[in-house]
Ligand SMILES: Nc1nc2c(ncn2[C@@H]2O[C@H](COP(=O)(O)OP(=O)(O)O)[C@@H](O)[C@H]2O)c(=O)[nH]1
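Have a look below at one chain only, the form predicted alone, in structure tokens format.
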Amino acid sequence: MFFLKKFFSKKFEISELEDALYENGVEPKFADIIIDTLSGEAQELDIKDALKKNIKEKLNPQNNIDWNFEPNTLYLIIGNNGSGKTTFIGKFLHLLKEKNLKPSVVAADTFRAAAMEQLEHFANKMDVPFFKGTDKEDPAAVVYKGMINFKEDNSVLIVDTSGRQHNNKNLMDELKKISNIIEKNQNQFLNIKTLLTLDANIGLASKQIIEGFQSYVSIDGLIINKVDSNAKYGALLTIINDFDIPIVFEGYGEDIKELRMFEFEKYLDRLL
């Protein structure tokens, strides 16, 4: 699936490998580990094991934690435009129902009617209670009313928000207002989780997005969407190393079932 695999079955030039690593989102400090391993241990029987060992020694292990899904939890879903939020929520609803939880949805993207319609389609298809605001309504007000609406009879609440650029202060202030409303009215929930969606194809630009959102709201987990053969998958090494935020999910297709929990060992297998 990913670019490094071809290098295990043929002779290669280090400069060629270095270019491929950078093109696929691998930051120089990790590219150096890979190149040094391949250069110094090229005669080993299993070069992949050597690579995995060296990469794991470099990374921050605190990012590899278990993620539990529990009743009475609110999930606030945030992200840039085009990062796959709506598709992820559809897949997340399917997963929660498979775990015998009772999800509901609040659609607070009042500035993009198509987003609410798509989300409502997912909710209706899976027989999930759905609440939405009116066109151009204050998103924080929608979230508040949605929380009240689902106060008694549902165990998990998913709150969608509009896609926003991390460097747009007005939109980020709006997101902070939504987060504050949730915190002030969270008594009905045992847990509040904020999940940030990222497009795998943007590579190392994800760092600026995470930093931008993190400066306004606390982020509990990351979702990497659009993981396919064209994704700059190597950038996840840097995300894992630089941020104390777990990667929770990978979305890798359009089907409602194509969502998997992120597992570091399996990620390395796919990368290498």
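Note that the coordinates shown come from a computational prediction; the quantities given were computed from them, not determined experimentally. The first residue of the sequence shown is number 1, and the count goes up from there.
Only in words, not in the display: the form predicted together with the named molecule, which the text now covers.
Just one listed stretch, out of 138 to 146, 125 to 133, 172 to 180, 79 to 87, contacts the named molecule in the predicted bound form at the 4.5 Å heavy atom level, and that stretch is 79 to 87. At a distance of at most 4.5 angstroms from the named molecule in the predicted bound form, all three residues Q118, K226 and G253 contribute at least one non-hydrogen atom.
Contact check for K193: every heavy atom lies farther than 4.5 Å from the named molecule in the predicted bound form. Although the partner is absent from this view, H166 stays clear of the named molecule in the predicted bound form, with no non-hydrogen atom inside 4.5 angstroms.
When contacts are judged by a 4.5 Å heavy atom cut-off, H94 does not count as touching the named molecule in the predicted bound form.
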